[in-house]
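Presented as C-alpha cells, the chain that follows is alone, the form predicted on its own.
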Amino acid sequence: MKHVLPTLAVTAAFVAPTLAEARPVTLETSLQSYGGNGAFVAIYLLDPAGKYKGTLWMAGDKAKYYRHLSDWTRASGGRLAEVDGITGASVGSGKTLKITVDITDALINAGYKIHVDTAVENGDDNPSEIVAPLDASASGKPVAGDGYVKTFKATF
C-alpha cells in the first residue's frame, strides 16, 4: 500500500499547520477486466464551487499521457508539480489501486468531491468517471464507474 508519499503531499496541501486535525482516508479504485495497457488514473479534489484543490494521487508515470486525463488537466492546469511525489505505476486491467492519504477534517462533510479520471493508451479517455462526495455518510460505499473503473470507494 502506498502511504507515506501521498500522506506527506496531501498533508502539506490540505492540512493547516497546527490548527486542523486530519484523518486517514483510504481510496480504493478497482478496475474492470478490459485487457490491454495499464490505466492512467488521476484522483483529485474539487471544492463545493467546483474549484480545483489538489491532486491526491496519479497512477501512471508517463507525463506525455496526462493530457488524456482531461478534467484533471483542465482543473490543475496540467502542472507536473501537482503530482510530484504522488505518482505511481499505471493500474493493470482487473487490478486495484489502494492508497491512504491524510485529509483535514474541515474538508469532510463540507461539500468537497473526489474526482477520478481514467485513460488507457490506445483506449478510451474517461474524464470525471467517478465523482464521489467527501462525506462521512458515503464512507466505505462503492461507487460504480462507467469506463475502466469497476468500483471506487473512500473509507475514513
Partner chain sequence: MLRRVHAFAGLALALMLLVVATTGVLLSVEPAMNRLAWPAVAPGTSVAALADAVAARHQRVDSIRVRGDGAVTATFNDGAGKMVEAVDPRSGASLGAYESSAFFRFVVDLHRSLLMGDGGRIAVALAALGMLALGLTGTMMLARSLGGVSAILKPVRGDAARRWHGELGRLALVGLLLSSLTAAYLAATTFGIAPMPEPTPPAVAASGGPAAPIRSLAGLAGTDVSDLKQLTFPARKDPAGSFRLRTSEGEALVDPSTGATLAFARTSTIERIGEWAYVLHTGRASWAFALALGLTTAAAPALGATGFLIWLKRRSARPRLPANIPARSADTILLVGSEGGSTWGFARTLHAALTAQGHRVHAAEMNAVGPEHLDAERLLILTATYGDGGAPASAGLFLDRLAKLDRPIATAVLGFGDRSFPSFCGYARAVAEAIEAKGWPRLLAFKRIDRRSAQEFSQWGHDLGAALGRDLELKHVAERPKTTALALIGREMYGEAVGAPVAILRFEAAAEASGRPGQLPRFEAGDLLGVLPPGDDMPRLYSLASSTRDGVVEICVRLREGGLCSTFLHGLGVGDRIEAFVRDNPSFRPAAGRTPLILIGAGAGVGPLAGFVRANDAERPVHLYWGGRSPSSDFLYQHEFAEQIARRRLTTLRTAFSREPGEAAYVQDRLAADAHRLRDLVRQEAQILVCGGRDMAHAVARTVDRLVGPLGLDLATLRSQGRYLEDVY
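It should be emphasised that the depicted structure is a prediction, and the values quoted were computed from it without experimental measurement. Positions refer to the first chain, counted from 1.
Below, we turn to the form predicted together with its partner chain, even though it does not appear here.
J.: Indicate whether its partner chain has at least one heavy atom within 4.5 Å of a heavy atom of residue 62 in the predicted bound form.
T.: Because a heavy atom of residue 62 falls inside 4.5 Å of its partner chain in the predicted bound form, the answer is yes.
J.: For residue 133, is any heavy atom within 4.5 Å of its partner chain in the predicted bound form, or not?
T.: No.
J.: Please check if residue 36 has a heavy atom lying within 4.5 Å of any heavy atom of its partner chain in the predicted bound form.
T.: The answer is yes: residue 36 has a heavy atom within 4.5 Å of its partner chain.
J.: So, in the predicted bound form, is residue 21 in contact with its partner chain at a 4.5 angstroms heavy atom limit?
T.: Close contact is absent here: in the predicted bound form, residue 21 is far from its partner chain, nothing within 4.5 Å, heavy atoms only.
J.: Taking the partner as it appears in the predicted bound form, which of 41 to 49, 99 to 107, 123 to 131, 22 to 30 has residues with heavy atoms within 4.5 Å of its partner chain?
T.: One stretch meets the cut-off, namely 123 to 131.
J.: Using a 4.5 Å heavy atom cutoff, which residues in 133 to 154 contact its partner chain in the predicted bound form? It's fine if the answer is none.
T.: Heavy-atom contacts to its partner chain in the predicted bound form: 146, 147, 148.
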